[in-house]
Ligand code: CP
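First, one chain by itself in structure tokens, the form predicted on its own.
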């Protein structure tokens, strides 16, 4: 695809692009993980907490379904997707947004020679939001610039959300990953994690169950330095680092936090290892960055698997293989990038295991035998995507404050009481 008209804007560093994707310091388009800062991440997490509580109540669910009932969304997913597509669909439905889709361009006018940019502009004529996923790097970013150009000429423009662009980025996956880590490192009980007893106020004033669990962990000598939240933690990414767009997006967000160490465990191969550009960006942000070829690699005499406060597993993304890659991978021992029950048993008790899905049943980076381990958070992680994406949509269309006001008027006393009196 020809991006000639957008090349000067594409070549700019992310910091220079961010203002163009905002209006009045408020997100207009969601293209890069670097558009999030810590305050916005905290705000979106709080809104997601409110939505998940309201959605479990009939009156609350009815209220949510009216918030954006006049809006229509196009899900333009020309790359295969299950979780991201369904997660966004569910998020739209929670807020009352009508959803339509194009998932096979061969069934659209693109089969007749229409350019994808013309398709996007046509969608903007009918819909109020375009959520897109493409194998083509930079396409979502260019579509955001197209919308801005239309705005400059007083023509109809709509927000663009990047649901995954080539091997570049997957910012809303990083958003749900961060949200899962935020909730995990509040050290809440499983029931609170799923929202049955969790009050949004517990983000600031933890429930008795949460305090008890955290205090119990802190009493153990090996965890005496444990803190709540994402600061002061060691995060480990394992698998296909070079082509893992979810890894890139999440690592960028984690570098916003204080005193973080980022371990990258991958084959020492130019396509699979940590890209130099990403490493430099993380170092410049103040993160400690270490690369390894195994989860057993030692750091100060301790294996990485035992040091990690959070483990993010990924599959080897064979759909991005090019001719000759299979031969160049032939001598790699991929067993070093697979999790086993024995490895999990050596992890910190509270350390979550995350995975962006889909996991590869043939490769086996996380065998199903680990699914019942208390550290396995990847199914909760996937469910969290629905809540945090609903929060993002509410924020983009400026109904997040209305949701907070409704919650305070109708639910704050009830959920605070339930959290305070939970015995689980």
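Residue numbers count along the first chain shown, from 1. This structure is a prediction, so every number in the text was calculated from the model and none was measured.
The form predicted in complex with the named molecule exists for this protein as well; it is not shown, and the discussion that follows is about that form.
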Which residue, 266, 173, 314, 162, has a heavy atom that falls within 4.5 Å of the named molecule in the predicted complex? 173
Just one of 357, 395, 63, 36 has a heavy atom within 4.5 angstroms of the named molecule in the predicted complex, so which one? 357
Should residue 348 be classed as touching the named molecule in the predicted complex when contacts are defined as heavy atoms within 4.5 Å? no
With a 4.5 Å heavy atom cut-off, would you call residue 249 a contact of the named molecule in the predicted complex? no
Exercise: residue 184 in contact with the named molecule in the predicted complex, heavy atom 4.5 Å: no
Given that the partner is absent here, does residue 89 sit within 4.5 Å of the named molecule in the predicted complex, heavy atoms only? no
Tell me which stretch of 66-74, 36-44, 357-365, 23-31 has a heavy atom within 4.5 angstroms of the named molecule in the predicted complex. 357-365
Residues from 132-147 in contact with the named molecule (non-hydrogen atom within 4.5 Å) in the predicted complex: 133
